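Quick setup: one chain, the form predicted on its own, written in structure tokens, and binding and motion questions come after.
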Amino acid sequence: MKLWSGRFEKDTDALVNELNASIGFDQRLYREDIQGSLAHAAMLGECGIISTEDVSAITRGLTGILEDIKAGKVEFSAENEDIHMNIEALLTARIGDAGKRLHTARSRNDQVALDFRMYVRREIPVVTGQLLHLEKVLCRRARQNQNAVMPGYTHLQRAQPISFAQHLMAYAAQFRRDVTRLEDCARRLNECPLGSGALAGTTYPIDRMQTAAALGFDGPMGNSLDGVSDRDYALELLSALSIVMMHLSRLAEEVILWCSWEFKFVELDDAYATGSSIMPQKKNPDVAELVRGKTGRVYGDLMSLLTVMKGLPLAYNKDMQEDKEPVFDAVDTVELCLPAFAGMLDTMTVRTDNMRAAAGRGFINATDCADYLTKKGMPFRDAYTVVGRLVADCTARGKTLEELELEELKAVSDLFEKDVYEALKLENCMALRGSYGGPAVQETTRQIQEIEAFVKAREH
């Protein structure tokens, strides 16, 4: 018999049962459901709403159910719809009428709102922990490659000389924002909906402060309608996870390019690559490609919940049962991608020789040549034009700027002297870019140290 069957004279249609049931996916909330019920029962006893004997029986029963679920001894039933009703039915079967008193002054609406909020709160540190590990990997690889000159790109065209360290630390800066974004989400969600009832609170003399404190919340939510209908925290989580995946996907795209024979800047470890069923020479960057592909999946999870929530009147509506699967899917996806990606980066071989060779082509020291003339007194726009003519000439002749003879350089400007060759040397071009945030070793050292300090401050 369904827990809500008193109002109904006919059995629920089998298809409606199938449509209505959520136990297939919300069973992962069993810890949160039992934890919330234990706090609720303790509060009911403290407030004199149920007897201390009932509280003891409920506590004993719920603790036993939790142990049995963890041991794999419990089979959930679709007949009981969801994790909340499954646990209540198990409890009542084990301890009798005391189990029926647990739901006093509580609705499934505030119960599920509590469980889901606690689940999101539990998973955020898992994701941030994985992000912090990825940050460590990026810092370690950056320290190894502070002098590795590579071309920096705009429009995927070689632009200016940078170091591989600076390139990696750009992503470290992005992942740092991801961590703080998730931390902000955790702070904002930490209000307790328990005690909101179905929507209008309860006539029982409950103590919402007690349950909020017992469950580690900063306090109860201030409006009971909002308490049962808010899913902002789930949307914030999905938004933050979508941005995490976007950052991973951008780096994945670069790894895919770098692995190609056209670049050959890195080579992936065999443990993080796959082969072809027909082409024996292939070594495919499947980890990076799968992360890039799964980014769209997480975006879909965000759009799914946004769409569910966009037209719902207050307070609870059954549509909101569709909130969990997108969040579960996004969390599972991100928690799978992050450690795999970190492992791929940590084990890949960096081909600094190929990076340097690529940097030597494409005139990425052209800006430095113009800066050289500017420092000699020529207005920058004039210097820009002069160097542009030199680049055009070099392109036609298959030369680089540093391969031009001094007489050829002086033919376009008598400001050129022998020291121009030092100014055009790519290692010097990079080393002299010591402005805050630049690729010079002292600056990448500062960037690495800042991220390392950021990570250390969050390690326990």
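In this text, residue numbers run from 1 along the sequence as written. Remember, predicted model here, so these are calculated numbers, not experimental data.
Beyond the structure shown, there is the form predicted in complex with a small molecule, which is absent from this document and is the topic of what follows.
In the predicted complex, Arg106 stays away from the small molecule, with no heavy atom inside 4.5 Å.
Within 4.5 Å of some heavy atom of the small molecule in the predicted complex lies at least one heavy atom of Gln321. When the small molecule is considered in the predicted complex, Asp82 lines it closely, a heavy atom lying within 4.5 Å. Proximity of Asp26 to the small molecule in the predicted complex: non-hydrogen atoms within 4.5 Å are present. The three marked residues, Ala165, Trp258 and Thr352, fail to reach the small molecule in the predicted complex, with no heavy atom of any inside 4.5 Å. Proximity to the small molecule in the predicted complex, taken as heavy atoms within 4.5 Å, picks out 312-320 from the listed stretches 243-251, 296-304, 183-191, 312-320. Exactly one listed residue, out of Val387, Ala172, Ala212, Val112, brings a non-hydrogen atom to within 4.5 Å of the small molecule in the predicted complex: Val112.
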